[in-house]
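Consider the single chain below, provided in structure tokens and representing the form predicted on its own.
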Amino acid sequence: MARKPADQSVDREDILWAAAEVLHRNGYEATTMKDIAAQVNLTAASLYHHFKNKDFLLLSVLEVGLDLTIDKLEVIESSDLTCAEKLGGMIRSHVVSVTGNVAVGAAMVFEIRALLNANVGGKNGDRAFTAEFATRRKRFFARRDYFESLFRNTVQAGIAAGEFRQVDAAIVTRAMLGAHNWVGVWFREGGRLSGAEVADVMVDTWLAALRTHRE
């Protein structure tokens, strides 16, 4: 089948999901731009028309996955629900998001190190190229910290309201999010439980661990 040329319309989101699938299958180091291009029936040159290189493409995959999840969490966090109801909704939303696209979820676990270690110099050490990547990478990690804070602040609010027992909110939040992210590694579509059912287990487990259990 002939590959599509660079000037032919291609949905950027389709490229990102395809890139996530290839990264999930091959790993970052073994993946080439040619592999990703083939996944969406593009020439490698066409893919460079959309993304400067593999590091920029990985960053874009992680950005879109994180931003979509944050949008949903913000709606829950700003609601009039109790802290326990908010946290349950946030846990459910995150786990359903991870199980809905395990490739992106797995990238959040395995490819963050590649993003941290990326040393993008561009063609002939182009400073603008390098600066753009550094700025976007910094923004991504700031957004990831903000994502974590939505959970941590909800846990802290629940403690203050007497809904949750006294715990180290920072450690509990990181343990919680680590468990959620790891779901993307072991979850299989069509397995014993659906993504929503896995989310229900996570909600029940974390809320049971945190509630004060006062009568």
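Sequential numbering from 1, following the sequence displayed. Model, not experiment: these values are computed from the prediction.
The discussion below concerns the form predicted together with another copy of the chain, not included here.
- Only one of 153-161, 39-47, 63-71, 186-194 places residue heavy atoms within 4.5 angstroms of another copy of the chain in the predicted complex, namely 186-194.
- Although the partner is absent here, Arg144 sits close enough that one of its heavy atoms falls within 4.5 Å of another copy of the chain in the predicted complex.
- Interface membership of Leu81, defined by any non-hydrogen atom within 4.5 Å of another copy of the chain in the predicted complex, is ruled out.
- Among heavy atoms of Ser149, none comes within 4.5 Å of another copy of the chain in the predicted complex.
- Put simply, Asp14 is far from another copy of the chain in the predicted complex: not one heavy atom of it is within 4.5 Å.
- Residues of 26-47 lying near another copy of the chain in the predicted complex, listed in sequence order, are Asn26, Gly27, Glu29, Ala30, the criterion being any heavy atom within 4.5 Å.
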